[in-house]
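Single chain ahead, written as C-alpha cells, the form predicted on its own.
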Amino acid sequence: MSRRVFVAGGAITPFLGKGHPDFIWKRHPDFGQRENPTLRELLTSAVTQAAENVDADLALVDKAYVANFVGELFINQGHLGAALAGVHPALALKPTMRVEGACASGGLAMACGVDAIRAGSDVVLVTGVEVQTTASARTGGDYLARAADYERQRSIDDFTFPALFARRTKAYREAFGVTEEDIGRAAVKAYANANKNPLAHMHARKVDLAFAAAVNDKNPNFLSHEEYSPFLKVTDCSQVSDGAAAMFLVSEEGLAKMGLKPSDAIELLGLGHATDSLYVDRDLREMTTTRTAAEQAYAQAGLVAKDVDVAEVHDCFTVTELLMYEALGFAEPGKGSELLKEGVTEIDGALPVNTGGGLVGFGHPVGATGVKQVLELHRQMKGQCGEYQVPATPSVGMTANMGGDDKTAVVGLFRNLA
C-alpha cells in the first residue's frame, strides 16, 4: 500500500453507435460498402494510440487488463485477455486477463492495475472495450439484463435496465418532488458537452430542455411496464455504443522507465470498491454501494467532497447522475437537481461533472466506460480537452463507475501533479 500509483495517460477511440454520422447502419449511405470497427480494431487502436500519446514502449508493460462485459453475447467472443495480448507483438506472452463487473468492468480493471502496482509491477496497461451494436435493441436489452438478477428481474420489461432505473426515478421523484424538467437538465448538459467533444457518440445531436423534459414522437416513453413507463424517455438513457479506451498505470519507477515526469501524470490518492448482493434491493432513492465506495476513497485520500474540482460520474440514466451527486457528497438527499439548476456542474461551473458528455452524451461502450472516466480526468488536468476544457486547472478529480443497479461501485480520487 506504500507504493504510489500514477496515471501516465492513454487514449480513447471515438464512441460510435446509432445517431453518430460515422456509424454504419441500414439507413447509412455507406451501408453494405464498409463496416463498423471490430472489437479487435477498436482495442488495437486504443492501445496503439495510447502508446503514441505517452511515447511508451509496450515492451515495458508488466501486466495488462481488459475490461469487457458481454463479448460472448454481442460478438460471440470470450477469452479477451488473449485478444489483448494479440493487438501488438510486444504484448504477446505478457500476463494479461479480462475483468468483468457489468458496467463497472473498467473501474474494476483499474483496481486490478492498482493492486498490481502496489504488489511490485511498474507499468500496467489497463484497457476496456465493448462492441454492442450488433444486436437489435430488444435482443441487446436481454443481453444487458445479465447485469441484473436475471431470474428475478428479467421479466420486469423487455428493456430490463431502463425499467429498473425508471423504478428508481419514480421513487426519487415521488419522495423529493423532483420534476421531469429537473431531471431533463441532466440530458441537456450531457448533449451540450458532447457537442463540444469530437470523440462523443452524440457529438452531432443537439437537445434542448423543451425536448428533454417532454414526451413526444421522437422522445417517447418506450417501456411496456405501465407503472414505470411514464418515468423514462429516450433522452434519459445512455447510448448503446462501440468503443475502447487504454491507459497506463505506473509506479514512480515506472514513470522513470517511460521517461516521464510526475507533472505528466496524475496520482491516485484513494480508491474505493464496494459490492452489494445481487439478490437484494436497497432503498431506491439512494445509491448505497456507490456511497460506501466513495467513503472509502475519501478516507484513503484524506479528502472530502468539497475538495473535488472535477468529476466523472456514472450516468447510465439521467436520474443516476442526480443520485451520484448525492452518493458522492456533492448534494444532500433529494437536492441533486439543484446543482443542475444552478449550473454548478456545467463546464464553467464550480464543480464540472461529465465534461465530455458522460454516458448519455459521450456514450457507453460498457467495458470502456470506467477507463474512459479516468482518462477524461487526466485530459482535463493536463489541459487537453479542447473546446470542453474547464476554465481553471483542476487539482483534485473524482471518478465513480457503477455496475448493475448500484451493485458494484469503484470510486477514485486523483491529484494533479502539474
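All values reported here derive from a predicted model rather than from experimental measurement. Position 1 is the first residue in the sequence shown; the rest follow in order.
As for the form predicted together with acetoacetyl-coenzyme A, it is not shown, yet the points below apply to it.
- acetoacetyl-coenzyme A in the predicted bound form: within 4.5 Å of a heavy atom of each of Ala137, Phe222 and Gly404? Every residue of the candidate spot has a heavy atom within 4.5 Å of acetoacetyl-coenzyme A in the predicted bound form.
- Message: Looking at Val240, Leu108, Ala331, Val124 here, can you tell me which has any non-hydrogen atom within 4.5 angstroms of acetoacetyl-coenzyme A in the predicted bound form?
- Response: The residue in contact is Val240.
- Query: Which of Ala116, Val188, Leu271, Ala102 has a heavy atom within 4.5 Å of acetoacetyl-coenzyme A in the predicted bound form?
  - Reply: For this set of options, the contacting one is Ala102.
- Item | Heavy atom of Phe161 within 4.5 Å of acetoacetyl-coenzyme A in the predicted bound form | Yes, contact at 4.5 Å.
- Query: With the partner left out of view, is Leu209 within 4.5 angstroms of acetoacetyl-coenzyme A in the predicted bound form by any non-hydrogen atom?
  - Reply: Taking the distances in the predicted bound form, the answer for Leu209 is no, it never comes within 4.5 Å of acetoacetyl-coenzyme A.
- Met97 near acetoacetyl-coenzyme A in the predicted bound form, any heavy atom under 4.5 Å? No, Met97 is distant from the partner.
- Message: Against acetoacetyl-coenzyme A in the predicted bound form, would Val234 count as a contact residue? Criterion: heavy atoms within 4.5 Å.
- Response: So Val234 counts as contacting acetoacetyl-coenzyme A.
- in the predicted bound form, which of the stretches 299 to 307, 334 to 342, 315 to 323, 284 to 292 has residues with heavy atoms within 4.5 Å of acetoacetyl-coenzyme A? Within 4.5 Å of the partner lies stretch 315 to 323.
- Query: Who in 35 to 57 is close to acetoacetyl-coenzyme A in the predicted bound form, meaning a heavy atom within 4.5 Å?
  - Reply: Nothing in the stretch sits within 4.5 Å of the partner.
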